[in-house]
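Next up, structure tokens for two forms of one chain, structure 1 and then structure 2.
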Structure 1
């Protein structure tokens, strides 16, 4: 029961109404019997919302689009990965001292390494945005050889130079996938409601590939469906989502995350996706 002692955690972003974070975090608090509550706030500006963590004594904050970069300047300290990535998705308030983290980094590594070793493997990443950067950096740190392909080749090249990737190019370089071990989609292509879109022609998929799609709505994207047909191992985006939330849970509460219960809440919600209308998701 919520009371005067209840610890408050929250999400800030714009939009947030579609977010599954409140569901997953609150299920975790319930499973561990913790007197915590997790809310979502749609905010236009990150700075006043983050300042309110100190004013209101908010314990933990998740940060999503479009605030992941601007939030960086609003905290007192950054962990090493967040500093290198230049974006945070998590803030922990310890007695008024705010520390920023990027839990997507570990989450992507955990999701991928459940299906494949990473050292020495060639990974082609599609997209050159924030998630592509986070995953590329994480894989580079684990000894993978990374090639970044983006619809804007100059942006892909800039990202590749920043992390010391093996190569980069535009979408005329899909042939890079031919000898790759891992293919990661870090674009929104195929995300609900445009579920028929494919970020790479299915003809480039081959059975030696592990295919990771960061999109988790729908749970099985067209890319993952085509990858299964081609005999590839697949890594679901909802696993990354679950692991980044679990790490946040641990940072916010100091307790081990109840992965099973949090995961069940997430998969139940994703299974219900087919019946959800556009207006429900806003």
Structure 2
């Protein structure tokens, strides 16, 4: 039962109505018997919300678009990965001291590594925002060759220069996918409710490609559906979502995340897709 002793964690972002974070985190608390509750708040500006975290004694905060970079200036300390990336998705409050983390980094690597080796592989990343930056840097550290394509070529070029990527360009350079090993969509194209949108024309997909879409709702985005038709291996965004949430759970609570129970809750919530479980491997 929620009472004055219940620890509060939350998500801030805009939008948040589609988010399954409250479902997954609360299922984890229930499985571990913890007196915690997780809520979602639609927030236009990060700074006042993070200031309220101190005032209200909120234990943990997940940060999603569009606040992953603006939140940096609102915390007292950054862990090493978050500092290098320049974006956070997690804040932990310890007695009023706020520390920022980026749990997307390891989550993306784990999700991709389940399907393909990363060293020496050419990866084309679509997008030039905080998520694209996080994944690009993670892959560079694992020895991948990274090309970044963005709707705004100048922004993609700046990101590529920052991390030492192999190349960059606009969406007029989809031909880069032709000899790529991995394609990662780090844009919101195809996210609920605009599920019919496609981030790259299907004609560029080929059977030697591993296609990773960071979008987790819908579970099978149109990009992943077209990738399956083309004979590609696919990496579902809900894997990355689950792994980053599990790490947040551990940072917030100090307890090992009940990955199975959290994953089952996520799978049930995404039952509108093919019904493939978290443990499925293609």
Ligand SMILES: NC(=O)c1ccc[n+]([C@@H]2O[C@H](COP(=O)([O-])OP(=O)(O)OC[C@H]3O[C@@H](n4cnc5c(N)ncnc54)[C@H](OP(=O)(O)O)[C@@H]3O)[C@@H](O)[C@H]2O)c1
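Only a predicted model underlies this, so the values are computations on that prediction, with no experimental measurement involved. Numbering follows the first chain given and starts at 1. The term rigid core refers to the most C-alpha atoms you can superpose between the two forms while keeping them within 1.5 Å.
Here the chain appears twice, and structure 1 is the form predicted in complex with the ligand. Rigid-body analysis of C-alpha superpositions between structures 1 and 2 gives a rotation of the smaller part of 14 degrees.
Superposed on the core, the two forms differ at residue 7, whose C-alpha moves 2.9 Å between structures 1 and 2.
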